[in-house]
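First come two forms of one protein chain, each written alone as structure tokens, so that there is a structure 1 and a structure 2.
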Structure 1
Amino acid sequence: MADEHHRGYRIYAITWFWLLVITLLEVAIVLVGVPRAVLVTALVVLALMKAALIMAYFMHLAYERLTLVYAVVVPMALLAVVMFAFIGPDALSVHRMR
């Protein structure tokens, strides 16, 4: 485990490259003009991929024990569900008003 922490900056450069690729994909999908359902689904999936990369390598969860990963990921998922439960209906009602 300690060896994985001292591999240098190569893993961060690779992670940064993939974050850049995903961001460019997000911009391309918006500019192409796909249907709204596909757009929203693709953007959410790409955002989740970016979050997973950031949590794994920049927050060092890829090197931690699985229980610590669960201790961080489960509350974040619950927070997302609670936020959607409270904010989602208002956001959808604003969308219907347009």
Structure 2
Amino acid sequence: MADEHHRGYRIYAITWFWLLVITLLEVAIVLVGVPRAVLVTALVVLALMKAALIMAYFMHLAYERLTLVYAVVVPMALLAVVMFAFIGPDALSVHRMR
């Protein structure tokens, strides 16, 4: 039991570490300056990775029964698809949007 709790804290530290690494990567990509379409794609993918880490480990979704995971993740995935359908193509096609 005690060992299980110890492992529990460790997974939070690992999640925290990767969230920070991804955040640094995001800022670095912006500062380096890459083509607009690459920048938008990379930042969205990195943000989704952070979201997945937070939901899976901080919000314990990785340890819940699959019915709850589906109830939460399926609407989110549909939402992401709809949002991308509305603004994604334009966001990627405008090369230097200022």
Partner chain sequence: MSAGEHRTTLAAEWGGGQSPFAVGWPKFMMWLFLISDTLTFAGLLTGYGAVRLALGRWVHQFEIFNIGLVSLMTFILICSSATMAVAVGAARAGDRPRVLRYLLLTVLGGLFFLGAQAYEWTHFIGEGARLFTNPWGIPQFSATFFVITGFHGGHVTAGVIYLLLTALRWRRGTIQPESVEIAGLYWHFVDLVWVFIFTLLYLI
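When a residue number appears, read it as a position in the sequence of structure 1, where counting begins at 1. By rigid core we mean the largest C-alpha set that fits within 1.5 Å across both forms. Just so it is clear, the model here is predicted, and its values are computed rather than measured.
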Matching structure (the form predicted on its own), either 1 or 2: 1
I87 C-alpha shift between structures 1 and 2 of 2 Å or more, rigid core reference: yes
Is_shifted L24 between structures 1 and 2 (CA, 2 Å cut-off, rigid core): no
Rigid-core frame, C-alpha of L78, shift of 2 angstroms or more between structures 1 and 2: yes
